[in-house]
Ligand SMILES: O=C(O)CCC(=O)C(=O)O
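What follows is one chain in structure tokens, specifically the form predicted on its own.
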């Protein structure tokens, strides 16, 4: 599996690895088409005392009972794994050594769909989770930074895999910012552990 260094040698060593060709072009195209059939939904989130739409579409698949609550206001209840998603989960596990029980999909329809600076530290994932992210469709800028530090930017490619290793969520923040450029749809599949549900 080909790996690229996500950050230049002058940058701090960060707990992230990037694999630009994890999927072949044919595999990425087929998975992208499969993702069009997933059950996407527009959720609402409560922030700063206001309720507003989440600026992207979301879906979740995984093991029974592995509910996922984030920002103390958005509850995602997983649908059963599709065959394609389960096969991809097993392939990522074989490549990374990490096990996953849910996958959360984010669909960025235009440059105005985004996710702000955050870390994925929800208690349901356990302590120091590893998170594996597959990107499909249009490239979007991904930014990551040490908490209190400067950000490093990267463009996540169609069919690529980004792995955030254990400890990353405790020390770093990441985001997919808005852009004024004309971009087509990007789908992001983030595979995550879960300490609850039925095994």
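Numbering follows the first chain given and starts at 1. Here the structure is a predicted model, which is why all the values come from computation and not from measurement.
One more form of this protein should be noted, the form predicted in complex with this ligand, which is absent from this view; the next part is about it.
J.: Would you mind picking out the stretch of 42-50, 25-33, 145-153, 168-176 that comes within 4.5 angstroms of this ligand in the predicted complex, counting non-hydrogen atoms?
T.: Comparing against this ligand in the predicted complex, the contact stretch is 168-176.
J.: Between this ligand and 98, 124 and 194, in the predicted complex, does every residue show a non-hydrogen atom at 4.5 Å or closer?
T.: So, no: the whole triplet misses this ligand.
J.: Would residue 72 count as touching this ligand in the predicted complex under a 4.5 Å heavy atom rule?
T.: Flag for residue 72 set to no.
J.: Is residue 115 close enough to this ligand in the predicted complex to count, meaning some heavy atom within 4.5 Å?
T.: Result yes; residue 115 sits at the interface with this ligand in the predicted complex.
J.: Even though the partner isn't displayed, in the predicted complex is residue 133 close enough to this ligand, meaning a heavy atom within 4.5 Å?
T.: So residue 133 counts as contacting this ligand.
J.: Report yes if any heavy atom of residue 190 sits within 4.5 Å of a heavy atom of this ligand in the predicted complex; otherwise report no.
T.: It does: once this ligand is placed as it appears in the predicted complex, residue 190 has a heavy atom within 4.5 Å of it.
J.: Any residue of 102-127 with a heavy atom within 4.5 Å of this ligand in the predicted complex counts; write them all down in order.
T.: The stretch 102-127, when checked against this ligand in the predicted complex, contributes 106, 108, 115, 118, 120 at the 4.5 Å heavy-atom cut-off.
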